[in-house]
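Next up: just one chain, as structure tokens, the form predicted on its own.
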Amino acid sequence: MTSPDIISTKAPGLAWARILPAVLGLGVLVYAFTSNGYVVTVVGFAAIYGLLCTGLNFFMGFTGQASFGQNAFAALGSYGSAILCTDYNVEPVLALVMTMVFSGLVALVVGYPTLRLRGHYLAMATFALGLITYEISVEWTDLTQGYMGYSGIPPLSLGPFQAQTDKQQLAVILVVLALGVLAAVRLRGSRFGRACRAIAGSEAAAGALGIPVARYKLISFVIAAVYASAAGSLFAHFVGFISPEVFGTTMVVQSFTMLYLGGIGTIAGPLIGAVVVSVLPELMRGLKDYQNIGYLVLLLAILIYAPKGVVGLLDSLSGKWRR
């Protein structure tokens, strides 16, 4: 059985199925860099969510676990960067790295007892983690400013280089996203990645083969948390303002929609899903009062007729083309 991400170069039908998303993605980037600030903002949000979903995909798609708490680590990254940069004058890139390390440690401490749960118990535990973090961001006003939000967050910079314009910040975000995707590709093809996929297939069988299931699940959870923290930091620097509403249940729903719409368990799926979910509402603004209805109907149609996501649909079409 061929993995969705392993494509034979001898099959022309499979080749265009991989080239088409890359061409469309390149077209979106070219359009963003040649357009106004609003388009750049939409594409920037899509790239940030793409990074968030890439980490979530590693835990849910490759390891086969359930997590509704990615918003918690995104909030840690976002508020961590905001506090370090505005109150302590830490360089944004250094603040991003520091919050990634801190979020990874929090995930290690929280995940050790939590990941002993399975199925919907694990899902509810991670969901509670997100709710607790949200309530802390609302109530701990001395640290987070509550609903007033945290403003004055500086743009991304490294030494003398400062990404002052929206397009410069988008370029930096895309570089971080590319590094994150490259790391996911390398991890997926490593011995650790193969072990995670074995756990996704059957935890009992993986344990019988000598794979330390609990340890690998915990490492996968930490990796997902680090990705979410990086996405949260990028969001804070890109927008310059954060508030608790950003990290509520809406973020959880959006990330799940992007992941399943693009294709869970694939490398390109989270990126495609993030672009589709971010761009579709903008393309349907002409419907005015019926915009939300049309958007939801289109999403449901894609999920119903392409249950494996856009990547799965392209693979299916390429298989028919080859036959």
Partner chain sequence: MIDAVQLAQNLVNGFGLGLIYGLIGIGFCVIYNASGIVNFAQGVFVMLGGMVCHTLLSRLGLPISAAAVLTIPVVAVIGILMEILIVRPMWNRGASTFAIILATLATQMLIEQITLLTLGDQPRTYDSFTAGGPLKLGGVAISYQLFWVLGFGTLMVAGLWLFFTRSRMGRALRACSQNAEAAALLGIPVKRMLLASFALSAALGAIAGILVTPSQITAYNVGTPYGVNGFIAAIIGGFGSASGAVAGGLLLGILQAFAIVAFGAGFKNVAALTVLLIVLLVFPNGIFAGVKSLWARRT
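Superpose the two forms; the largest set of C-alphas matching within 1.5 Å is the rigid core. Please read all numbers here as calculations on a predicted model, not as lab measurements. Positions refer to the first chain, counted from 1.
Beyond what is shown, the protein has a form predicted in complex with its partner chain; the following relates to that form.
Among residues of the shown chain, Q65 is one whose heavy atoms approach its partner chain to within 4.5 Å in the predicted bound form. Within 4.5 Å of any heavy atom of its partner chain in the predicted bound form lies no heavy atom of D87. At the 4.5 Å threshold, heavy atoms of E139 reach its partner chain in the predicted bound form. The shortest heavy atom separation between T34 and its partner chain in the predicted bound form exceeds 4.5 Å. Comment: its partner chain is not present in this chain, but in the predicted bound form one of L131, A171, L143, L108 has a heavy atom within 4.5 Å of it, namely L131.
Stretch-level contact analysis of 208 to 216, 90 to 98, 110 to 118, 229 to 237 against its partner chain in the predicted bound form, using heavy atoms and a 4.5 Å limit, identifies 110 to 118. Applying a 4.5 Å heavy atom cutoff to its partner chain in the predicted bound form picks out no residue from 175 to 205.
Relative to the superposed rigid core, the position of the CA of V297 differs between the shown form and the other one by 2 Å or more.
Taking 2 Å as the criterion, A306 counts as shifted between the shown form and the other one: its C-alpha moves by at least this amount when the rigid core is aligned.
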